[in-house]
Ligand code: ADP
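Let's start with one chain on its own, the form predicted alone, as structure tokens.
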Amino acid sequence: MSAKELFQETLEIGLTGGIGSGKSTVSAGLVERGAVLIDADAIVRELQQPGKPVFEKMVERWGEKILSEEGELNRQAVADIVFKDSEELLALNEIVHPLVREEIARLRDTYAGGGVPIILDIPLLIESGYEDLDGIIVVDLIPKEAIRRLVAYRGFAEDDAKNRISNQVEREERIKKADFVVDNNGDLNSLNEEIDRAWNWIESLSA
């Protein structure tokens, strides 16, 4: 049976988790099983390209110190500013979030009625107050392990990883909002089993 036959109405499932939690692996696994993906991080990266409105507003606020030698956005330079100062982080969010929400809304309209579940991978899903979803999946990882993985596998400085995590919603608050929790505290095989469980849960929503 195809995914379109399984899902008679378009389900919209929010997917979130702290930085380093493994959201991208989970979203990719759900796409492999038949979902379509709206990736907020990918939208942000697109909107931060030179010449785009978000890029222009960020340069207007922080100047050329946030640019690389090639004139593109240096995301680490931005992170070094905003994750050490709550007012600067608020300013960044006020620049980025409205346009990201517009693009997410456009994509939701595009995929609506397609017969397959839509996964909205949004790191700040809880903070952003999305309410009109059929369910929320939280990818859970203890902060200590998230920091270790960010340093070991993604090249983060430990202080940078800690600062980013400290500026996100508390792990307990995220779990409290979840309709389904994916436990990513184990190995990759365990995570694949968790993704299977998540997909089975999504299927159950259409029954």
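This one's a predicted model, so the numbers in the text were calculated from it and none came from an experiment. Quick note: we count residues from 1 along the sequence shown, nothing fancier.
Omitted from view is the form predicted together with the named molecule, to which the following refers.
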Given that the partner is absent here, does residue 14 sit within 4.5 Å of the named molecule in the predicted bound form, heavy atoms only? no
Does residue 154 make contact with the named molecule in the predicted bound form, using a 4.5 Å heavy atom cut-off? yes
Just to confirm, residue 174 within 4.5 Å of the named molecule in the predicted bound form by heavy atoms? no
If you check in the predicted bound form, is residue 149 within 4.5 Å of the named molecule, heavy atoms only? yes
Heavy atoms within 4.5 Å of the named molecule in the predicted bound form: which of the stretches 65-73, 50-58, 174-182, 23-31 has them? 23-31
Going through 46-66, which residues have a heavy atom within 4.5 Å of the named molecule in the predicted bound form? Please give them in sequence order. none
